[in-house]
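The chain that follows stands alone, in the form predicted alone, written as structure tokens.
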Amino acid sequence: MSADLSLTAMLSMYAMLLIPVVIFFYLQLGIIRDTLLAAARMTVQLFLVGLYLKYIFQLNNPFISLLWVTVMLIVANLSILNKAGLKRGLFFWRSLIGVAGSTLLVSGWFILIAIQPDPIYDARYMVPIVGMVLGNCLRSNVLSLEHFYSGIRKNENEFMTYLMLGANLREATHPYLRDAIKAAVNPSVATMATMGIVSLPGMMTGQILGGAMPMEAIKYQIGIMICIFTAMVLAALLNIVLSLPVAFDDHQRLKQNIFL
């Protein structure tokens, strides 16, 4: 069992935030308020989720677990569109299909084929694994969507030249799709390449602190990293491809009303 953190220990951790706050103040970045609000929201949300997950794990009801996963998917989807600067009303369902499809496919593969818990719907596996995959898909989807549409928007003359030379929409958007996917996955490629030497990943560290043997924790970490990377690539691709029909007009020009 890992050592519990006392109230004094937690307060000391919050005191550490003074370091970035002082740096932000010195550099006049103007994000001190956002940082403190983010830390406060994180604290409240995690404690509430901790209380909620305690009962989810105790009940271990597949319908309640699926309801919680659905809430996670919807919140993540809204966050993706908001951070990517795209209107939720236009992209919500298409983006949700991309995120949910990739996350559930990869998480289901890991749980049902690799882990095979008993019962198969065990909430202790379903909720955390979906959460880890979804959290990383959120970041990659923000990067891919923002990079894709901002790239076309900033290089509209180049994009229109492709079209005037006879390219269809798929061909004209291909260079921007390629750059967007690359921008979304490059950080994860770098993380995987240095994992274990430069950093000890969170899932593995948590299992070791919880009493698991290092080799057991390592195998789980390898599995979840492969799942995360696969879901990130699949979700980034699906979200862009599924968004194309509502992002361009009949003349294959990018609609300006899709942006916030």
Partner chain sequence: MISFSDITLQLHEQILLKDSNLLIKAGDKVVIRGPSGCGKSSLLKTAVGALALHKGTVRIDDIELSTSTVYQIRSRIAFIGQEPVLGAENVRDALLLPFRYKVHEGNQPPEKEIIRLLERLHLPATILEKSSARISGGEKQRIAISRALLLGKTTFLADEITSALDPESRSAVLDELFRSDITLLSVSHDSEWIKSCGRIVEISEQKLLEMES
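Residue numbers count along the first chain shown, from 1. Note that the structure is predicted; figures quoted are calculated from it, not measured.
The discussion below concerns the form predicted in complex with the partner chain, not included here.
Peer 1: Taking the partner chain in the predicted complex as the reference, which of Y162, Y149, F91, Y125 has a non-hydrogen atom within 4.5 Å?
Peer 2: Contact check passes for Y162.
Peer 1: I need the one stretch from 245 to 253, 5 to 13, 21 to 29, 232 to 240 whose residues put non-hydrogen atoms within 4.5 angstroms of the partner chain in the predicted complex.
Peer 2: Answer to the contact question: 245 to 253.
Peer 1: If the criterion is a non-hydrogen atom within 4.5 angstroms, does every one of G196, Q207 and E216 touch the partner chain in the predicted complex?
Peer 2: No: no residue has a heavy atom within 4.5 Å of the partner.
Peer 1: Please check if E171 has a heavy atom lying within 4.5 Å of any heavy atom of the partner chain in the predicted complex.
Peer 2: Flag for E171 set to yes.
Peer 1: Would N157 count as touching the partner chain in the predicted complex under a 4.5 Å heavy atom rule?
Peer 2: N157: yes, in contact with the partner chain in the predicted complex.
Peer 1: Is G166 one of the residues lying within 4.5 Å of the partner chain in the predicted complex, judged by heavy atom distances?
Peer 2: Yes, contact at 4.5 Å.
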